[in-house]
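Below you will find one chain, with nothing else, as structure tokens; this is the form predicted alone, and questions on how it binds or moves follow later.
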């Protein structure tokens, strides 16, 4: 491969997703596993969506609607934008990839923050870009430093808002000031995968910038999180019509499958499910905050459906210790946070199981005992929890 491969791709470390539940069961011989690693919807998929998928099953032998006509029409009406200002993707991940493919040449510069979504760097480096990470300030994007780092080679700035994995956000005044400072030939991607979970009053209305016809702003959102469609892979971007038309030339013609489109339509029609999801996440966050406060464990207050927690110990070891008890969380060492874990908000019983087992671990850690050698920290979690 050395004679035909690209050197900058050889140096890339592939993205490693959270462990699937069935894999954990097989590896550790566990009967029950709680997955709090991938920020998925704890409620599963809504009944309306399941019924819609079943009804559409006899049409899967047909190619999908490449234009996503019905979904585009419904979503545009819901968002108050024009249909030609929306593009759909195989998850918002594909749209991140399309942005780099469409706008970045080898040697160009892409900027984001450290401790942000790893996909930005991965996709940028695959495209041959010079990816620049700007240090955070108190686990938040430093937009002034990012603005100062923009130069003639800069093509895209990725801003995750709220940010994964910190759960922090960029406020409306901060974003206004930043956008006013950025040249019009630099594309600003506002990645809002977790926007439905935000409760902060000063969170920006990103569609306002699109409606102001800022030609260099694109907003990405997804049906994976709040709508519970992560397995179907469907996300969308909102931007000025010219930008959407340009990206349409880069995307594959049938990039969003039929079931995903049909499920997304049903999801948009289920406000009760969306509201219940928001309530479960909000109450779960507050519960975890209270329990972590009692344990005197540091964490970063979040506007998303997960919490970044200081585990006071090697994050990989904490991950493994919880895994042996059937609880899957995410080690943050890949983000340069060697003692932090990210925990998705689950259902009430799942949150309680995590707190119980994490409490046992913290006690062991604070006593200086090796957590991976303690046999009491191994085995199935109680089935009635």
Ligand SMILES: Cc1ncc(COP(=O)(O)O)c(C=O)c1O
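What you see is a predicted model; the values in this text were computed from it and never measured. Positions refer to the first chain, counted from 1.
Just so it is clear, the following notes concern the form predicted in complex with this ligand, a form of the same protein that is not shown.
- Residue heavy atoms within 4.5 Å of this ligand in the predicted complex occur in exactly one stretch of 179 to 187, 294 to 302, 85 to 93, 311 to 319, and that stretch is 85 to 93.
- Annotation: in the predicted complex, residues 160, 164 and 224 each come within 4.5 Å of this ligand through at least one heavy atom.
- In the predicted complex, at least one heavy atom of residue 194 sits within 4.5 Å of a heavy atom of this ligand.
- Among heavy atoms of residue 233, some come within 4.5 Å of this ligand in the predicted complex.
- The shortest heavy atom separation between residue 209 and this ligand in the predicted complex exceeds 4.5 Å.
- None of the heavy atoms of residue 273 is located within 4.5 Å of this ligand in the predicted complex.
- For the options 169, 103, 262, 120, the one in contact with this ligand in the predicted complex, meaning a heavy atom within 4.5 Å, is 120.
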